[in-house]
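Here we start with a single chain on its own, the form predicted alone, put down as structure tokens.
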Amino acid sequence: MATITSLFYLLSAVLFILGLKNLGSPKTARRGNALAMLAMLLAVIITLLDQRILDFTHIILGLVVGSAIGVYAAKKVQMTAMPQMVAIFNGFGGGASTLVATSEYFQLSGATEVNILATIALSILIGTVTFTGSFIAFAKLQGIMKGAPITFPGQRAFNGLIIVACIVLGVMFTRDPGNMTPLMVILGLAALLGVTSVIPIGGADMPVVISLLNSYSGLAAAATGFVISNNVLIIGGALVGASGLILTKIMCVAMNRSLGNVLFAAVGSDGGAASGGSGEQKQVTRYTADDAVMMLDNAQSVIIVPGYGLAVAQAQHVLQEMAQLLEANGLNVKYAIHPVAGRMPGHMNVLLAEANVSYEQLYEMDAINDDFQNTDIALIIGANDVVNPVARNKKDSALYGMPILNVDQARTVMIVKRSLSVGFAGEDNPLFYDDKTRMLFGDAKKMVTEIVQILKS
């Protein structure tokens, strides 16, 4: 049985790797999900058989309840709330690791190897930090808490002291595993650390936070795998942990910032406050939907830049309808996707795929930035920070050094936005007041719908 179990675990691991590889492209993402689900199904079934679990009552009950919750969430949760749901999933993953490691501790009997005891403590630490940190991220994204950084004096030192205390308590636990007090204190401190390590992170950095918490959940699962001596859990957790760290690195590079700066610099605002000071006094060129259609009729090419405002307005379907009408009129239509557009990695890609936008029309920043200078119109729908020119030249800006989409190089820039409010980084955008910029103030869905109606008529 041990040989059969190992072979099925190996097959499951291969399927996990293939699933992860396929998730790297929108074209193969569905296949990647299917492969990963098959891998998990095989891992669960062979584990149940290997452990000789004959009474499946609780297993089936959990399967039914979990499936019902999953189906309900898949149907009811809007695409705009997908980052929040991912944050919750990360939290549940960390919480599950904590529960398994804690359960394993209560089943210990006799002498236990130090490495197992240390791994139990590590699994509880990482899993609990992931659990509470993910729910803080959820609260910020959902608007339950303010999205701007929440800081207090000595916050970094406080978090550092918690980590040191957890290490000391972990050593105490391995020396005297019969005393569960250090382990429970680690649990409480880890829960606090999850809160205090996420509250100082602003809304602009939420894509990085989600990726990092995803990595934490994988690392917690891998640690738990060592605790219960389950190879497929170790492999699966390691894959999630490594891919999350790689994605975190990609997000940091996209913003030209270090991970330490993201975690400790307390950058950003709620992303909705009105632009202050001289910004409100500057002159902007206002356009109506009729004006926009007139300009689009005389253009040959347009690059659409979607942002979180598009997601909030749920305008992806009507935007795709507008794009199809423009193509029918002979325009060359492309979409420019910034790596940190939206509130989670790949948010814009998934949102547009839901509206059946062709994958061939979606271009990553590096692949399309040189095209703006030869484009008639850059049409920005609800994006702000990712097109803000201060990233190039304002050295005291939180955005300084971040690669942005070169929309200001297009012959004309049209921006659909509710107001002149700042983005999540809290920076006013001089692009709004540029002579070549045309501002279309209003809800993204309503404005694009008006454009569609005029194009049809």
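Residues carry their position along the shown sequence, with the first being 1. A quick note: this is a predicted structure, and the numbers were derived from the prediction, not measured. In this text, the rigid core denotes the largest set of C-alpha atoms whose superposition between the two forms falls within 1.5 Å.
FYI, the form predicted in complex with another copy of the chain isn't displayed, but the following is about it.
Among residues of the shown chain, residue 371 is not one whose heavy atoms approach another copy of the chain to within 4.5 Å in the predicted complex.
Using a 4.5 angstroms limit between non-hydrogen atoms, residue 146 is distant from another copy of the chain in the predicted complex. When contacts are judged by a 4.5 Å heavy atom cut-off, residue 324 counts as touching another copy of the chain in the predicted complex. Another copy of the chain is not drawn, but in the predicted complex it has a heavy atom within 4.5 Å of residue 356.
The stretch from 193 to 201, 169 to 177, 308 to 316, 151 to 159 that comes within 4.5 Å of another copy of the chain in the predicted complex, counting heavy atoms only, is 308 to 316. Along 441 to 457, residues 445, 449, 453, 456, 457 each place a heavy atom within 4.5 Å of another copy of the chain in the predicted complex.
Residue displacement note: residue 357 has its CA displaced by at least 2 Å between the shown form and the other one (rigid core superposed).
A movement of the C-alpha atom of residue 174 falling short of 2 angstroms is seen between the shown form and the other one when the two forms are aligned on their rigid core.
For residue 190, a C-alpha deviation below 2 angstroms is recorded between the shown form and the other one after rigid-core alignment.
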